[in-house]
Ligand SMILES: Nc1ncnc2c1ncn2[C@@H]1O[C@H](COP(=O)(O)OP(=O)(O)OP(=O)(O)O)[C@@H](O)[C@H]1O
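The chain below stands alone and is given as structure tokens, in the form predicted alone.
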Amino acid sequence: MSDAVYSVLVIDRDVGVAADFERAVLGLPVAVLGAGDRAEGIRFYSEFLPQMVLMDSEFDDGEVPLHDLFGEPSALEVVLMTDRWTETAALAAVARGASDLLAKPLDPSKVRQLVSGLIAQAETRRHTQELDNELLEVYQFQGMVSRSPRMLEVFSRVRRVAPFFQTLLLTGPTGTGKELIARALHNLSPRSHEKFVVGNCSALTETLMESQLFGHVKGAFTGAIHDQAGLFEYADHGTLFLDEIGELSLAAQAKLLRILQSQELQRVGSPATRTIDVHVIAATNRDVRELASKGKFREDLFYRLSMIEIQLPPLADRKEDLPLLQRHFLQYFSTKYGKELNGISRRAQILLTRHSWPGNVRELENVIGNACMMAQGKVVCDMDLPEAIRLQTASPHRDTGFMTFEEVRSRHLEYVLKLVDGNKARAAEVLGVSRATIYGMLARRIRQVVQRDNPST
């Protein structure tokens, strides 16, 4: 266990409760704060940021999630205590986020057991955070982060082809990182010390596209008042990244094919040829094969570019990367904005996981960047996320962190069965119900799992 002190805030009108709690945890690395009402407790929480709040149930309004009372931090444990627990009230408290429940007057042995368990959980979270940081280092590749098998295969291909490629095609949806992959190819190639030039074909004006790519001579057209080199000449001896290659006109495609084959170009308005040495990486989010079959893209150019093709998967196909990417962008924007952000709250993570990410990694980067900008504390919470993320429709309990009473009962049954080594008769005795009730709950649970995994049944 670390030497860090685990702090607990006790909110109760009776100041003796905090004293009783402090005596119960004597010898544990725990600092205890006491507050006489909810307003004072919230103020103390904001000032001292304890890891656990022990609050009398009279201060719980029974309406909002318990974590919302304290700004919805990610690692806070909220424990409610009362001298008149009912099963309905207990289930409602757990469903709204209570970590545990304690009966008053406090039983010192139960308090000590509870706090010891929560300290162990805090240590686990701390260790997990350290492991996450180590994973970020392990799964870093040229400024990109992934542990997805599909992306690791992409990284592997980049390493293998970077020393040898002359032309290469990158395909994948918008926002999947095609330019980052292109830069990685350049950085790992023998010409990494030369220029890496980016040209976005969709941003080139139709009338000046050939001039911007291949250059022009003075007088070639109205406004050509002097000779001008194009992107290919500017990238000579280096790498040219042509994004959105599918937007090129057929005339420009013909000239591009000639350059790729001969490494020679002609400026617009000049019969003279110039020899160049350029490696070309083309990228598109369109289906170039389909464009070629419809006559909208030259087949010979497609075959030339796709001698080596690397496809990038959408973020929806690599959801296992979401936690790593979130932490990666959180660290980046924390540094950029000069903030000490150390995590993302549970509910914010649920919202981020639930989103379909049509804009892929670029959209995620923008969302985390915006949230880091809006965050006022040390944790990014759900209210810091853009409205489009917060208001997306979903199941009201499964995707927002809330549970139905049935789910609470089912989970508690699982917990009790583990304690009694699966003995259903003993579990029925502990829960104060009949064995028939236990079997009925288990049967409903099995039916739910079957329906979830086999919707058509």
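Since this is a predicted model, take the numbers as computed values, not measurements. Note that residue numbering begins at 1 and tracks the sequence as displayed.
Another form, the form predicted together with this ligand, is not on view; read the next lines as being about it.
Given that the partner is absent here, state which listed stretch (380 to 388, 222 to 230, 169 to 177, 100 to 108) has heavy atoms within 4.5 Å of this ligand in the predicted complex.
Every other range fails; the passing one is 169 to 177.
Quick check on Phe214: any heavy atom within 4.5 Å of this ligand in the predicted complex?
Flag for Phe214 set to no.
Partner proximity in the predicted complex: Val361 to this ligand, non-hydrogen atom cutoff 4.5 Å
Answer yes; at least one heavy atom of Val361 falls within 4.5 Å of this ligand in the predicted complex.
Report yes if any heavy atom of Glu365 sits within 4.5 Å of a heavy atom of this ligand in the predicted complex; otherwise report no.
Glu365: contacts this ligand in the predicted complex.
Please tell me whether any heavy atom belonging to Arg267 falls inside 4.5 Å of a heavy atom of this ligand, as the geometry stands in the predicted complex.
Contact with this ligand, no.
Which pick from Gly143, Gly117, Pro163, Pro149 sits with a heavy atom within 4.5 Å of this ligand in the predicted complex?
Spelling it out, the residue with a heavy atom inside the cut-off is Gly143.
Find the only residue in Ile276, Leu91, Leu325, Leu135 having a heavy atom within 4.5 Å of this ligand in the predicted complex.
Filtering the options by heavy-atom distance leaves Leu325.
Partner contacts for 223 to 248, taking this ligand in the predicted complex and a 4.5 Å heavy atom cut-off:
The one in contact is Asp243.
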